[in-house]
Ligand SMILES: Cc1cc2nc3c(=O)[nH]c(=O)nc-3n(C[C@H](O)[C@H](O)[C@H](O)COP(=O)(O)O)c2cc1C
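Here's a solo chain for you in structure tokens, the form predicted alone.
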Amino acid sequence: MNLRTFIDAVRETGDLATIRRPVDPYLEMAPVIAALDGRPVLFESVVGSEFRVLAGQCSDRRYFALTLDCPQDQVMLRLAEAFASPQKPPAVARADAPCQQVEMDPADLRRLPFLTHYAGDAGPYATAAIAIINDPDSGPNVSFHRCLRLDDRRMAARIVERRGTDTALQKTPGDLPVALCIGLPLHVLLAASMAPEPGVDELAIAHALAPTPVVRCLGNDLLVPAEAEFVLEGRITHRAAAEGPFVDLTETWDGMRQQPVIEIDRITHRQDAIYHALLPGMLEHKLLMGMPKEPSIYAAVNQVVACRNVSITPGGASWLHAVVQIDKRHADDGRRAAEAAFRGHPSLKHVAVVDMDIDLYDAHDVEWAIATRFQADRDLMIWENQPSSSLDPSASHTPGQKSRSAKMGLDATIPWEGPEQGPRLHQFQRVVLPKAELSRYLQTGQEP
């Protein structure tokens, strides 16, 4: 399901909000997206640009389920399967690649409707661009980078140190070829958010989720999703420019840094292209950050206990908190699961482990498990001064060093009588009263 078929699908379900009046990308569009957070919204008339804008396509788990054609509680398992079994995507000819239908002449970043979200932003940003580069040693790498537009041909990109793109750039004496793709199918965005081992192409993970044909760029050898709405071909240079401030995942300000400058040489796009705008700090940003980390937690926990599902929660900025559901078979499985979860996602700060009768997507249910099955002096685990996330404003941050934080695990599973004696089910299982069929008791048209 590409971006166009997704729009058709959510229009059919009634989820799509369509805005036909002119809306300005400078400070006006973001508040509209925020007011509709959780729904896809299509802006048909964009001030200063000939291109339409879509936002919110990734703002609810049900949109991922719709795209992957599976129940919501199976999305993580689909991601885990694709993560474990990548499939090389097929290459197509330029004539069969919608992303190369039009070549912009001359290439001009100012024609694209980059949004300025907050009055304190450093400027107009591209927030839903995936960067495709080729590491000299390990091959293709796909990742998200926010990009601040500097002028018609240059952007400053936030490139996190010691990760894929930065590692490849440091190995490259000159400029590093890059293709920035905007307007992508949901499954490609999910795959680009994952962090597989070096040498695993994220587009191969995408193709394991759904068909993902690729095409070679016009000016370099990089392969890009043929269904992309825009492809910006260019080079990551070793020159730097100020980037930031910018509101990040935790809805707090990320400050200014000197970051690499990307020079754009060529822009291709589909006929009547649609630009994807991702509102920072809102549901779309959170889900795209958090959901792709769930399979790595799932894999790590499964190495020590029987894991059934994982949810990285929006309340934890979809990055710092997780709920892990296990099939408990030994008294210490809850503790072992919590320890493994931090190995699966090192940025994780707090994790709750629950039994299979708890709906890990329901915060009320998880809190109920903590209230009725957890004792702090028995089930609380704390690890001090651990490597953590730079996104956590409460962590300790030293320039040039990994951020540090305390970490906490909560074993909210049913306690066992002894090491191998089994759970105390009678005391801890919830008693559910069957609900009556109200039509037998209420008159026709009577409100309950």
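Owing to the predicted nature of the structure, the values given are computational and were not obtained by experimental measurement. Position 1 is the first residue in the sequence shown; the rest follow in order.
The discussion below concerns the form predicted together with this ligand, not included here.
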Partner proximity in the predicted bound form: residue 296 to this ligand, non-hydrogen atom cutoff 4.5 Å = no
Quick one: does residue 341 come within 4.5 Å of this ligand in the predicted bound form, counting heavy atoms only?
-> no
With a 4.5 Å heavy atom cut-off, would you call residue 278 a contact of this ligand in the predicted bound form?
-> yes
Should residue 171 be classed as touching this ligand in the predicted bound form when contacts are defined as heavy atoms within 4.5 Å?
-> no
Picking from 373, 345, 328, 285, the single residue whose non-hydrogen atoms come within 4.5 angstroms of this ligand in the predicted bound form is 285
Could you tell me which one of 223, 204, 289, 273 places a heavy atom within 4.5 Å of this ligand in the predicted bound form?
-> 289
Which of 155 to 163, 352 to 360, 88 to 96, 171 to 179 lies within 4.5 Å of this ligand in the predicted bound form, heavy atoms considered? The stretch 155 to 163
Going by heavy atoms, what in 226 to 245 lies within 4.5 angstroms of this ligand in the predicted bound form?
-> none
